[in-house]
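Starting off, we have a lone chain in the form predicted alone, written out as structure tokens.
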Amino acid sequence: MTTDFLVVDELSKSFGGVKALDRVGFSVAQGEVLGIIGLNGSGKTTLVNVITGFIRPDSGHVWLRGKEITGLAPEKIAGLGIARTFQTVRPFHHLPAFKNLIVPLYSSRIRSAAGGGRWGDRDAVALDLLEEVGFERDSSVPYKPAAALPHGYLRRLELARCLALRPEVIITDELFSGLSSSEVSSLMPLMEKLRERGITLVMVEHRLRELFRLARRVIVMEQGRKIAEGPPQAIVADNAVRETYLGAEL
């Protein structure tokens, strides 16, 4: 149907009388970083939930590599290479941090991956991934229960669980939420590294300055609709966007 890598086509979703998504559409090229912004209640998380299979749309379609994935179960969509983080972190609280990666490392996507190689010793791979996202490998932190980790580490753990799936697309839902400026700054090199590796990133974010450093194109949502789309400099200059964000960070 399309040569675009990820395509969202006229998605709509209502909850009772509230229209959370109103014919939202866009496409994402392979390896692109796309930002999605909007005030609370604009439909951003609903959009992520529809794309990743947690909510079925009332109408519209989602395509990945020309194959329709609309309405597939979340695990099926993850198996096709789309991983996501959650606005509210969802670790296995009682498990050590590195054991939180065992589930994705035993997924059908990883089991069927060609070569296998370093994916054999899953505990070692989990520790490698945690180190990649900023855990100190030689410290006790990777072995602590997730419930004992500070919020900043839990955000990194969310990213590590995505990477454990060897994804082609990562969708982040407010990854920087609740982090200090120094914590966000320490995550930026990792996000830039993922971009350089050619992973497609779709970032729902309120921290606009950091997002605009990563994304070359930004979509703005308001009350379930897409009201603007373009490079960050054009978005900042858009009068409709400035009215939406009056009093907010721009």
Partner chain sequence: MLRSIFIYGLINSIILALTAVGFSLTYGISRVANFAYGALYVLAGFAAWVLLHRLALNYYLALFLAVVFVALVGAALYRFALIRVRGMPISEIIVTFALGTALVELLRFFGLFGSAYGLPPLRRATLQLLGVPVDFQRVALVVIGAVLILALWLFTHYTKIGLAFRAIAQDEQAAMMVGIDPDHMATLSLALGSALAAVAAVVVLPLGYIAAESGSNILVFAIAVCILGGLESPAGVIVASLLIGYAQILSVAYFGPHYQMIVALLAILVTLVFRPSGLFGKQKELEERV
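Residue numbers count along the first chain shown, from 1. Everything quoted here is computed from the prediction, not taken from an experiment.
One more form of this protein exists, namely the form predicted in complex with its partner chain; it is left out here, but the text below deals with it.
Asks: Among 63 to 71, 31 to 39, 186 to 194, 49 to 57, which stretch has residues with heavy atoms no more than 4.5 Å from its partner chain in the model of the complex?
Replies: Among the listed stretches, the partner-contacting one is 49 to 57.
Asks: Which residue, 95, 141, 154, 127, has a heavy atom that falls within 4.5 Å of its partner chain in the model of the complex?
Replies: Of the candidates 95, 141, 154, 127, 95 is the one lying within 4.5 Å of its partner chain in the model of the complex.
Asks: Does residue 180 make contact with its partner chain in the model of the complex, using a 4.5 Å heavy atom cut-off?
Replies: Close contact is absent here: in the model of the complex, residue 180 is far from its partner chain, nothing within 4.5 Å, heavy atoms only.
Asks: Would you please decide whether residue 103 lies within 4.5 angstroms of its partner chain in the model of the complex, comparing each non-hydrogen atom pair?
Replies: Yes, residue 103 sits close enough to its partner chain in the model of the complex that at least one of its heavy atoms falls within 4.5 Å.
Asks: Is residue 175 near its partner chain? Define near as a heavy atom within 4.5 Å, in the model of the complex.
Replies: Residue-level check for residue 175: no, no contact with its partner chain.
Asks: Given that its partner chain is not shown alongside this chain, does residue 149 nevertheless sit within 4.5 Å of it in the model of the complex, heavy atom to heavy atom?
Replies: No, residue 149 stays farther than 4.5 Å from its partner chain in the model of the complex.
Asks: Pick out the residues of 178 to 204 whose heavy atoms come within 4.5 Å of its partner chain in the model of the complex.
Replies: Contacts from 178 to 204: none.
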